[in-house]
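Just one chain is shown here, as structure tokens, and it is the form predicted on its own.
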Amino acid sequence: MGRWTAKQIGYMKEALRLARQGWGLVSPNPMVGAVLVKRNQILAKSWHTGPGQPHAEASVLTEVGQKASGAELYVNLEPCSHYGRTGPCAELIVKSGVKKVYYSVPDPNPTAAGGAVALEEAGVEVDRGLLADEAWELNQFFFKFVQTKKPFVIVKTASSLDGKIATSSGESRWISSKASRNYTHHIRTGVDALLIGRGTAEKDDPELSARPWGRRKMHRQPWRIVLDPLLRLSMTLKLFDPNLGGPTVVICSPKADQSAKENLRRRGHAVWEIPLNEKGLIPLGAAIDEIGKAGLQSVLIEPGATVASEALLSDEPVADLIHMFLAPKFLGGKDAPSLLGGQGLPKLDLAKNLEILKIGRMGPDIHLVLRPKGAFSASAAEAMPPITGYGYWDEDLDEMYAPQPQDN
């Protein structure tokens, strides 16, 4: 028999389910759910709904008042022990009379950590590690940023089965299905920034916003970031529309035209300058570092062939997770652009291995979820369990993001 009973596991699963509702709503905070149980009955359950709002633990304890005395609390992250925009949850738990707290993973933030110790010193029993793998996966963005000050990087690609991202005439809309595009918008909803290259901006003129199926509630649009080394993009592109919400950032070379930089700033857009690499490109690693300095915990790269090659094949690849959507069709043609550009690898043994986390379907498309070997994972942190899954994925999404009538 395992360390935890089926009921205890069930209560924590419910806390995790509640926490997932914070996807796209709580950043830069982690997603947290809480379930309060007494005599094998759930008294209250809640989740953190956004920055400045009550933490999940505070919500359930406030709801039941004195009934919390003698109860057990299940929460997927160690209760905090500091004063921020809200008070310390550990202190509130002690005052409530809760007798035992189950939590999945410790809080890696040194400012907020210490809640478990505070609880134990006050006589509250603490049980650590229940569904730790799942809890770690859920908040990978938060954990990586706190520990490295760099954002978690997702690379999303869509191609035909033979790896083409457009026909030989340049037609690319739409290779992937509505279901795949809807799921991409789900990912966009939860990240802090979206990044594309100049070629994608010119060719596709994307709005570069999150438009989830059903127009799910969001507390903000992600930042739009475009790599434009010499500032040659037209200001008429959709991503420069001031009505979209959220800022637009253009990353260019210090050698880019000064008047163009000033024009962007006058229009309310940010300009970041990064020296070009030997290929004449903005180095993605440096761009990711700048995104982290801006306090953004996650970025979704939707690359063309050149940026994809830099993200996945360079000496310092940036991807922590890869979503690939393969449409069940062949396009062919030596002139049709492929998924990865550049010169490619000269030797097979230079290829970096990928861990396949999921092979599934998204509508008619094949959906692969991959993690590069050596990418950030739970094993990068002491006292953390190894990652066995793929973060924010929820099996219910296969049905939730099935093909829908509208075109995103």
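Residue indices: 1-based, along the sequence shown. This is a predicted model, so every value here is computed, not measured.
The form predicted in complex with a small molecule is left out here; the points below concern that form.
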{"item": "The small molecule in the predicted bound form reached by all of K45, D107 and R128, non-hydrogen atom within 4.5 Å", "value": "no"}
{"item": "The small molecule contact at G97 in the predicted bound form, heavy atom, 4.5 Å", "value": "no"}
{"item": "Partner proximity in the predicted bound form: P303 to the small molecule, non-hydrogen atom cutoff 4.5 Å", "value": "yes"}
{"item": "Exercise: R198 in contact with the small molecule in the predicted bound form, heavy atom 4.5 Å", "value": "yes"}
{"item": "Partner contact for D204 in the predicted bound form: the small molecule, 4.5 angstroms, heavy atom", "value": "yes"}
{"item": "The small molecule in the predicted bound form: contacting segment from 327-335, 144-152, 304-312, 119-127, heavy atom within 4.5 Å", "value": "304-312"}
{"item": "Position in contact with the small molecule when the complex is considered in the predicted bound form, options S172, T189, T248, S177, heavy atoms within 4.5 Å", "value": "S172"}
{"item": "Heavy atom within 4.5 Å of the small molecule in the predicted bound form - residue from L227, L73, A210, L321", "value": "L227"}
